[in-house]
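Take a look at this single chain, the form predicted on its own, given in structure tokens.
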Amino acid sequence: MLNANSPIPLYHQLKSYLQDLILQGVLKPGERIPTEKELEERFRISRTTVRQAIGDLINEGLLVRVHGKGTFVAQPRIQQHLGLLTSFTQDMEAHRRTPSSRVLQFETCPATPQVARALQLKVGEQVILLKRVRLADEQPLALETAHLPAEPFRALLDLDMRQRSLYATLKAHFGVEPRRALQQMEAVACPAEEARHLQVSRGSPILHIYRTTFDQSDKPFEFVESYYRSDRFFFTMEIWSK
């Protein structure tokens, strides 16, 4: 129980109590926690205190709020190593998740200046645009918009990319393999459209990534913009001193 006479604030006591239940496995991933009203009545504390404790746990990635359904214990976050060039499919399979995609857009379009610069094309030159919501165990984790030169990859448009890894498909059909990439990453407030696809609140923190990928001939073949749910991912890298 919480101790109103303790120098530790009540919200922090409640936070620690819920955190212990999660870390000890009493509350399991995907399980709904008691409502704010239930916690308020059980511990005889204010709604503001309850919301502050839950808000901290959401910000730390231990809880996730689903609109209209309640607050749930978050699934364990997925670790990705920044030093490895892998596909979303490979990452999910490595974590024993079932990857899939919801294709939002798959067509040719003129290259914008940003895309043309990354792929070493002329502005307006035709590129393939593949926009997908990336899912793991049917849960949306990322929104990716990939651009590839229309030539020699035009045959991609005849394939169903809902269950396919783009990198595996490029290797199997075109002999193209990713060898290195230039990547930029920043934390941003999630825009409205991306929030809708990823089932997060508008303005919630999210990872915004640009990546240009090069093949075995060191030629750029992909420029991709991604939004990754920061409550489901964390990135690591190894750093060496000189």
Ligand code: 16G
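Not measured: the values here are computed from a predicted model. All residue numbers refer to positions in the sequence shown, first residue = 1.
One more form of this protein exists, namely the form predicted in complex with this ligand; it is left out here, but the text below deals with it.
Between this ligand and the residues S230, S226, Q19, Q13, the one pair within 4.5 Å by heavy atoms in the model of the complex involves S226. A heavy atom within 4.5 Å of this ligand in the model of the complex is found for exactly one of Y167, F153, F106, F72: Y167.
Every residue in the set Q80, T89 and Q183 has a non-hydrogen atom no more than 4.5 Å from this ligand in the model of the complex. Contact annotation: I209 falls within 4.5 Å of this ligand in the model of the complex, judged by heavy atom distances. Residues from 123-162 that approach this ligand in the model of the complex with a non-hydrogen atom closer than or equal to 4.5 Å are R132, R134, E144, in the order they occur in the chain.
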